[in-house]
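Given next, in structure tokens, is a single chain: the form predicted alone.
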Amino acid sequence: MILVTGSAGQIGTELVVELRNRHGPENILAGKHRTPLPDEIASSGPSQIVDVSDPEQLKSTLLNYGITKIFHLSSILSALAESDIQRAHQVNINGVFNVLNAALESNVEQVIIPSSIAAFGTDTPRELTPNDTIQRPSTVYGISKVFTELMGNYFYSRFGLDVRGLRLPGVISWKTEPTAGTTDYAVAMFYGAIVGDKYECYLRPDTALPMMYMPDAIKSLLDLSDANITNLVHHSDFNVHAMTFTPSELEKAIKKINPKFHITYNIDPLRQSIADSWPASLDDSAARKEWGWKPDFDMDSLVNDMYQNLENKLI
């Protein structure tokens, strides 16, 4: 059985659906904590409260359900983590260690833990950020992701646990509403365009950030999980890239569909400082070489598909 922690989150909700389609609903355990699961997930297969900050509860869950693979998605996102650093430490740092340690003590064969572009910092080259480069993040979230990468590689090299991870850019989805993530402005912009023809953006118009459509984010996690381990030189720290755009560029692309749409700006200093510390684009040649990574969506296809699906959902 496969466990997905953070199943109520933006990525978790869609990953659980895809995994249940591939492996059967009865074989995918949706791990939840504070946020209720969507009805689609709660009614289609098994679910369980999984508190990653409680190592004993976590271990008993793995043993009771016979978990052999974990997609560990439980995480406190960037802006929210800055407002509650103690909780972020419990979930993002202690939680990662607890998951890896419990996996090692159980019958788990593989753990997939996403990292993020937040693992980089202002000392990192911003354009085509190398896969292997200096990492000095200035946020709690970013620090926790560096910890995740290092600890994942440590558990692989020290104990032989198959831990894999990739650095996701901003992920855009029409199925779940935007949360506290810094890159979620892009999702919120689509909502604004469809509901009221306007949006107030908290980032500068020229803020370039790497982005990815949700189907490609799910694809990257599953492709990495399925990759032959003998081909992997890296393990917990792959760059994956799909596209880069700014709020201004996204506005222009949306205006091609909705000419009435307009955007204003009210810069949030915290989220702008976070965005300024992140890469604008990523060199993902290691992922392409070692496990054949290739995205399916570019910016135009993302905007068209996102707008159409979200419009059908909202109107």
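These numbers come from a predicted model, not from an experiment. When you see a residue number, it is the position in the sequence shown, counting from 1.
Form predicted in complex with a small molecule: not shown, discussed below.
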Ser144, Thr183, Ser220, Asn239: which sits within 4.5 Å of the small molecule in the model of the complex by any heavy atom? Thr183
Interface residue in the model of the complex among Met189, Leu100, Leu73, Leu168, criterion: non-hydrogen atom within 4.5 angstroms of the small molecule: Leu168
Among 153-161, 84-92, 124-132, 111-119, the region lying within 4.5 Å of the small molecule in the model of the complex by heavy atom distance: 111-119
Under a 4.5 Å heavy atom criterion, is Ser78 part of the interface with the small molecule in the model of the complex? yes
